[in-house]
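For reference, the chain that follows is the form predicted alone, supplied as structure tokens.
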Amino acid sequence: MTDVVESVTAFAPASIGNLAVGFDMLGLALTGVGDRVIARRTDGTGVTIAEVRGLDGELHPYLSTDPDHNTASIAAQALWKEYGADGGVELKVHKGIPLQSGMGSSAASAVAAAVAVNALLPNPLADRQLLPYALEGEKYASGGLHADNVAPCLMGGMILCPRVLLPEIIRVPVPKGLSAVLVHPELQVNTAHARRSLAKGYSMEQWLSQQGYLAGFIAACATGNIALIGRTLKDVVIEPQRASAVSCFDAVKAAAERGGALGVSLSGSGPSMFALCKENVANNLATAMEQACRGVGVQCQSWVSPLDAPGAHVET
């Protein structure tokens, strides 16, 4: 008989949403930064939040502990309601990802909670089966149903997840020898507001161009054609509408291109920016992008990650 698990901690990584070519349908997990959720069985009912702590380890000044208004508890409630045994669950959310950063902060909290609560179930689900529950939390935060942060955060690596195929997701093979560099400026962009601000219609030329870049990029990854990745890692639809909201974007993009990036764009709705590059130039590229950001008066930090970074997992 399997012992009942009373408490568990799960980690969920940050992620790059859209990945330039795949708005709402392509994402990449990152190493080195993420959220943690501690889930503990209680004698009560339903899901509660005991605390939410910020990057400084202190109680978060405004993230809600109301279980109906936090992505972690919303995801946990959806899972526990369907599969939970008797009793309730108490969550402690420890944020490691800045809010409104374009790094999948809300998705990571939802995924970490789903993974932690799943480990408390008598018969835990497979990781892939947790996607719909984590999406419930992300949907609350972003105002739309898209898995480009949740899916790579949950499963790791690069994931293709068009809404029309959900809950099916597709792991994209990634070429060896490439890295992702992400720079996070100390700015904030509200994802839900950024989505509402997007144009409602696009020209046939824009649609065909972006479709071509997405198809070419997926083919390039599948075949290991690094030169083709450099030709296709472009966003001609969303980036032009959002770049002006990030004061350091032009400087950082120019520095990345000079430093040998295969392509560079916003991560999600920004303000974070990412570049894909050969791994032997990744650390120098991160430095160049940071220097460009600080050169226009914006402080920042950066991470370098492989393209096959692991997804969420139980730590204890």
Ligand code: HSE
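What you see is a predicted model, and the numbers here were worked out from it, not measured in a lab. Just count from 1 along the sequence shown to find any residue number.
Separately, the form predicted together with the ligand exists; it is not shown, and the next lines address it.
- Residues T71, E136 and Y140 are none of them found to lie within 4.5 Å of the ligand in the predicted bound form, as judged by heavy atom distances.
- Residues within 4.5 angstroms of the ligand in the predicted bound form, judged by any non-hydrogen atom, belong to 142 to 150 and to none of the other stretches in 142 to 150, 115 to 123, 204 to 212, 86 to 94.
- At the 4.5 Å threshold, heavy atoms of R231 stay clear of the ligand in the predicted bound form, well away from it.
- The ligand in the predicted bound form comes within 4.5 Å of a heavy atom belonging to G268.
- Remark: R195 counts among the residues lining the ligand in the predicted bound form, judged by a heavy atom distance of 4.5 Å or less.
- Using a 4.5 Å cutoff between non-hydrogen atoms, F23 counts as a contact of the ligand in the predicted bound form.
- Residues from 221 to 245 that approach the ligand in the predicted bound form with a non-hydrogen atom within 4.5 Å are limited to R242.
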